[in-house]
Each structure stands twice: as C-alpha cells, then as structure tokens.
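Starting off, we have a lone chain in the form predicted alone, written out as structure tokens.
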C-alpha cells in the first residue's frame, strides 16, 4: 500500500507470475497523476492553469484530454458534474481519481495480468478472481459508522466507486447552485463497467441528491446504492444481483 493524493492506494495481483516491478509501474502512474492534477499542490500542472501561469491550450495533451472528458461528463449529467469552482479555478478530482485507477488497471492488463484489484481510497477496479478463485468481495461502508459494513457485493471485471461524507465529510456540492447543501443523502455507491465510469457518475449523481438514484436507474450498464441521511437506503433494480450475504 502507498499513499498518493493524500489517499491510500492498493494494488493486488493474484496471478502467479506477479512481478513487483509491474506493481511499481502502477504506483508510479499514481504519483504522476498526483503531481499533474493535484488541486492543492502549487507545483502541479493544474495549479499552473488555475494561477494563470499556463493556458489550457498550451497544457499537456493529457491535461487537455482530462478537461475534455470533464466537459463530456458535464453534458451527460445535465450540468451536475462541473470542474469549474465558484472562484474561477478548476478541480478535476471528481473524475481524475477514478481515471487513475482505471489506467492503473490498464497497465496491468497490457502486461498480461488477468486477476487483480487496483484501488484508491475505496474506489476500485477488479479483474478476474481473487486468491480464492471467486469474484472479488467488496464491502460498502456505513456512512454513520466507519467500522461497519452495510452491504457486501461480489464483482468481476467491474469498477465500483462511492461518493459521500465518509472520510472527508461533506465535500460535494450542487454545481448548479453552490448554496444548495446536499443534506438528504450521505452515501452513493455506483457499480459500472470500469471505475472511471463509476467514479464520474457517482460524483455527479451525488450532487443530484435523492434524484441521483433515479438517474442511475436509467443509465445502461450501471447500478447504484444510496444511503439517505435518515438511514434509509435505496438501490437500482439491478443492484441486488451483486449483493452477497
């Protein structure tokens, strides 16, 4: 395990031919992502854009790609995903973490691995099977008690991401109205075809409040589990197929 972007990062390879150099390659990519896209590090490329020292058109191809993906997500979610902050700066964290995990998984795939898990702070992409030869089992943390798991899901070749209060408290806002506090929900977990897709829609759907679960209901290839501030949970109709007792 390492810490990047102030968050714990885990790479687990089950395949017998696992090489520590390949794990290091994933961690190196996480380090690169942190150095390039950190909203808080003054030395990051994103900070150079936010400070006016660098124009987006003069930024790296990767930075321009991320901005394009963020704009695409904004359009797909009717504006509930927006990296533009009230002070005029940009914060790509709602998308770039999941993308980093996904691209870390892609590094392992290109190197021939079939069975692995890549994770940053609970957002993960799993491939194949775990060390027991079964689907990867992932716990959904209780937003009211960090030591309790409220649901367990079994996944293979999927991504899962959660947005909510959890470790950092309330940090997601409605970009359509920054004065609108999201108070009716405390956690939203999304399962998608990969963690990049799951993460970006988890961020946007959390910003929608209770309506986010209904957005997911009609989003092909995605399932969601929402925990309300009243302790009541709702899930999309297909989420139950992943739940294990």
Partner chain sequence: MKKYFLSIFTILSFVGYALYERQVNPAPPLIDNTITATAGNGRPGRTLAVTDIVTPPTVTTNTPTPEGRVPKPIPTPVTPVTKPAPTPAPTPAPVALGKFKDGTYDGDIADVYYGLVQVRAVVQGGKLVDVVWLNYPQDNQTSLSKSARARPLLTAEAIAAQDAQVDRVSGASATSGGFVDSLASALLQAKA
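These numbers come from a predicted model, not from an experiment. Residue numbers count along the first chain shown, from 1.
Another form, the form predicted together with the partner chain, is not on view; read the next lines as being about it.
Although the partner chain is omitted here, in the model of the complex all of 38, 164 and 214 have a heavy atom within 4.5 Å of it. The closest non-hydrogen atom of residue 84 lies beyond 4.5 Å of the partner chain in the model of the complex. Taking non-hydrogen atoms only, residue 148 approaches the partner chain to within 4.5 angstroms in the model of the complex.
When contacts are judged by a 4.5 Å heavy atom cut-off, residue 175 does not count as touching the partner chain in the model of the complex. Remark: residue 45 does not count among the residues lining the partner chain in the model of the complex, judged by a heavy atom distance of 4.5 Å or less. Of the residues in 10-41, those that come within 4.5 Å of the partner chain in the model of the complex through at least one heavy atom are, in sequence order, 10, 12, 27, 28, 30, 31, 33, 34, 38, 39, 40, 41.
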